[in-house]
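Just one chain is shown here, as structure tokens, and it is the form predicted alone.
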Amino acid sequence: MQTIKKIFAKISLPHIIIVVFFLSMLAAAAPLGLSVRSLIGDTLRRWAMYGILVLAMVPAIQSGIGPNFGISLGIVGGLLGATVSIEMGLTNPWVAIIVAMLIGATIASVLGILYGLLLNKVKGSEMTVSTYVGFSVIAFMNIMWLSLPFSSGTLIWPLAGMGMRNNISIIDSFGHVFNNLFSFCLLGDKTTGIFVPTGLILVFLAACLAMWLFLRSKTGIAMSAAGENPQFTRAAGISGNKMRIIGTAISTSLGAVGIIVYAQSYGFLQLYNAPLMMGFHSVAAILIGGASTKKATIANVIIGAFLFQGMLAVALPVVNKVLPESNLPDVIRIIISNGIILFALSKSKGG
């Protein structure tokens, strides 16, 4: 009974609005001629493909730096790993995606350590600084994508002979590797039924399990303790600064892995400004799941990613049907994600 009361105590008006909005959009889909089964399948796919990016928020929040708006550092590392893998011309898709993840996670770890050192210097202003870092690294990479010495025809503009494409197809490399693993359809075929990307879901859940186990390890407990009570951990001989660096490094590494998992499901690498808002969407998703700016759990990730991505997967097609030839779906996406973040930040000090 006490557990049920605690669960309901965490449910706020915005959470109720989001759930009601999601269900109402799902109910409106069929009368508008949309396939409810396809929308549910798309929700499952988006939930799993975006899940690891949301999971990347957990070590950052638990270590005390708060929601990691600077996850763009990890995303950039992942995109670099993926492009290097394609440049190597690896023909086996499993080898290609593993190499991409290893390179991306390594780059992201180094960037995460440097990022953690910076955040240790600006304690109390982490969210502001991380937002600037996230925007700045994307702007910097816009220049680098035009300058990096790649030569693969898949990566560069064919006429110019240099400069990376905006969208890079990875179908011939490692596209849909996880999606197609053990996949099946319910209540129809891939077009009309509910497509279940079993491999993609298993990868997401495996990452959640690994994070759950890490948080219960000696280092994970020390990291969470340092984020929750820095004075106590300092008295216990635990370096809070070191734990924050570990948290940021793991967060950016998960961002690198997450963007590769996202890209293989999408079928394309999106460069330049495409990843600009992914940090905001990831923060919004975990906050929907019940996380705060000081505490996050794996359950918050699973629930939040499903609600946020499900809402977008269902609401945007419905809005497109009601108001075709408009940019209202993009406006709704911005309002939802930023509104959730604003609400969470207003509650971060008990307001």
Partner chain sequence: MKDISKEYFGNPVLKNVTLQVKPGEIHALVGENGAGKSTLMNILFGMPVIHGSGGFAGQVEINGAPVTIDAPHKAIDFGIGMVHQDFMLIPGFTVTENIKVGREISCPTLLSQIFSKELETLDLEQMAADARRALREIGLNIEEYVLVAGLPVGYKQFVEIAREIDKTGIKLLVFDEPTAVLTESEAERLLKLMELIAKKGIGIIFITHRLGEVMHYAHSVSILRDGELIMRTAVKDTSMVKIAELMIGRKTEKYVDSVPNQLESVEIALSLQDFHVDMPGEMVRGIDLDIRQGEIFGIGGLAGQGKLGIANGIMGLCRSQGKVFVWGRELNLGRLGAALASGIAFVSEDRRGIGLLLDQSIEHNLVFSAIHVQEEFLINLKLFKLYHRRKARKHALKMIELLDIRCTGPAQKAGSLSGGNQQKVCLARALTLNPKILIVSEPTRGIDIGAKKLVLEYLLELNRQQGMTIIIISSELVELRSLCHRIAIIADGKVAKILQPDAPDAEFGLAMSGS
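Quick caveat, the model's predicted, so the values are computed rather than measured. Residue numbers count along the first chain shown, from 1.
Just so it is clear, the following notes concern the form predicted in complex with the partner chain, a form of the same protein that is not shown.
Undergrad: Give a yes or no for N229: in the predicted complex, does one of its heavy atoms lie within 4.5 Å of a heavy atom belonging to the partner chain?
TA: Close contact exists here: in the predicted complex, N229 approaches the partner chain to within 4.5 Å, heavy atoms only.
Undergrad: Does G237 reach the partner chain in the predicted complex if we count a contact as any heavy atom within 4.5 Å?
TA: Contact check for G237: yes, within 4.5 Å of the partner chain in the predicted complex.
Undergrad: Answer yes if any heavy atom of A222 is within 4.5 Å of a heavy atom of the partner chain in the predicted complex; otherwise answer no.
TA: Yes.
Undergrad: Classify K295 as contacting or not contacting the partner chain in the predicted complex by the rule of any non-hydrogen atom within 4.5 angstroms, answering yes or no.
TA: Because a heavy atom of K295 falls inside 4.5 Å of the partner chain in the predicted complex, the answer is yes.
Undergrad: At 4.5 Å between heavy atoms, only one of the stretches 170 to 178, 245 to 253, 210 to 218, 100 to 108 reaches the partner chain in the predicted complex; which one is it?
TA: The contacting stretch is 210 to 218.
Undergrad: To verify the annotation, which of these, T154, T233, S265, Q270, has a non-hydrogen atom within 4.5 Å of the partner chain in the predicted complex?
TA: By the 4.5 Å criterion, the partner-contacting residue is T233.
Undergrad: Which residues, if any, of 50 to 72 lie within 4.5 Å of the partner chain in the predicted complex when only heavy atoms count?
TA: Heavy-atom contacts to the partner chain in the predicted complex: nothing from 50 to 72.
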